[in-house]
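Below, in structure tokens: the form predicted alone, a single chain.
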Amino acid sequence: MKPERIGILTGGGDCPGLNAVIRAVVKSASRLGWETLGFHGGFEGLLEPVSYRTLDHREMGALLTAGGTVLGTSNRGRFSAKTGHGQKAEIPRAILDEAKRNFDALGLRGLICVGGDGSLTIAQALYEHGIPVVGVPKTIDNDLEATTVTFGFDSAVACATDALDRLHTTAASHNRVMVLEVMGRYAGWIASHAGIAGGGDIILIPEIPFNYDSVCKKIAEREAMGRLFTLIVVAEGARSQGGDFVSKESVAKDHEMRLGGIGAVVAEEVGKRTGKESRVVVLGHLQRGGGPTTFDRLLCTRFGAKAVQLIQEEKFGTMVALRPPDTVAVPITEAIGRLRTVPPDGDIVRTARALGISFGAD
């Protein structure tokens, strides 16, 4: 008698902790006597030529601390559900039909889809097309609704905070303005958390449009106090008042627009206005690379084990979510189509301002 089978895939951008989720799923499934198939290249692995492999629970040990994903991932391709600045695109019915045929042919009991808003949007479409799906929330931006936190966020903040610690000494040595650009398309969670934890002086986030007069005023105030250097943390999606996103490309047809470059713009403008030497560091994909923090390892393990439990209980069309102190099931529809952003008058912003940190709009 063949064992029960489940599938797992990782979609969207890579992220610390993906392998830890895979490990938890495979180990949990094996204890139920189930076999786990891992699809290669995200959702593309469901299409012809179908690409997958059987995951052996005895080979999962090293994945707990390993960065990236052994299954590979993609945020483009035939399933692309997001274009431009977050617009939703319809997935062709023929693609959904093909995925359903291949899923059924493999005799899978359920499919675990690990990803962010775009990937979970695809997962919901698959569920509505008859595939029993369970979602696991993943994004370093921490911008998914319905869960208190997503895995990968803590690891990204740790990376950005370490960068600020290092920039602090070089900025102080040369009396420079150092601008650190971090990820955060529409949400400034990484910038705000790392900015506070890393001793930043100015934090620029998408939720609070900034103006250069305010930024330069803060630098002047520090100069007057004998603080001849300044650390500025800017999210890639931050915009000046009345300004637009700074992007690496002008048109994006089959994927979301690639943002980036706001750090250089801020450094140049600040240098012109203040006369101070300004430098920019763009962390980029360094935030996505490397192994997960201890917090993320535990969170990924809890998410993976819970996802298998939800398949066992046939609670499909749901996503694992953290609602401290528990992991729970919520409808995928509660997590997609609306992003969780930093409240401009929330505790994080109030805490920063209490410390004298400027958001460039004071």
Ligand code: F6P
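In case it trips you up, residue 1 is the first one in the sequence shown, and so on. It should be emphasised that the depicted structure is a prediction, and the values quoted were computed from it without experimental measurement.
Not pictured, yet referred to below: the form predicted in complex with this ligand.
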> Looking in the model of the complex, is this ligand within 4.5 Å of a heavy atom from each of Ser192, Arg239 and Gly360?
Replying inline: no
>> How about His285 - does it come within 4.5 Å of this ligand in the model of the complex, if we only consider non-hydrogen atoms?
In response: yes
> Hey, in the model of the complex, is Gly184 touching this ligand, heavy atoms inside 4.5 Å?
Replying inline: yes
>> Taking this ligand as it sits in the model of the complex, is Thr230 near enough to touch it, meaning that at least one heavy atom pair lies within 4.5 angstroms?
In response: no
> Going by a heavy atom distance of 4.5 Å, is Lys248 a contact of this ligand in the model of the complex?
Replying inline: no
>> Please tell me which of Thr139, Ser155, Ser74, Ser278 lies within 4.5 Å of this ligand in the model of the complex, judged by heavy atoms.
In response: Thr139
> Only one of Arg273, Lys100, Arg166, Arg258 has a non-hydrogen atom within 4.5 angstroms of this ligand in the model of the complex; which is it?
Replying inline: Arg258
> Exactly one stretch in 176-184, 126-134, 221-229, 144-152 has heavy atoms within 4.5 Å of this ligand in the model of the complex; which is it?
Replying inline: 176-184
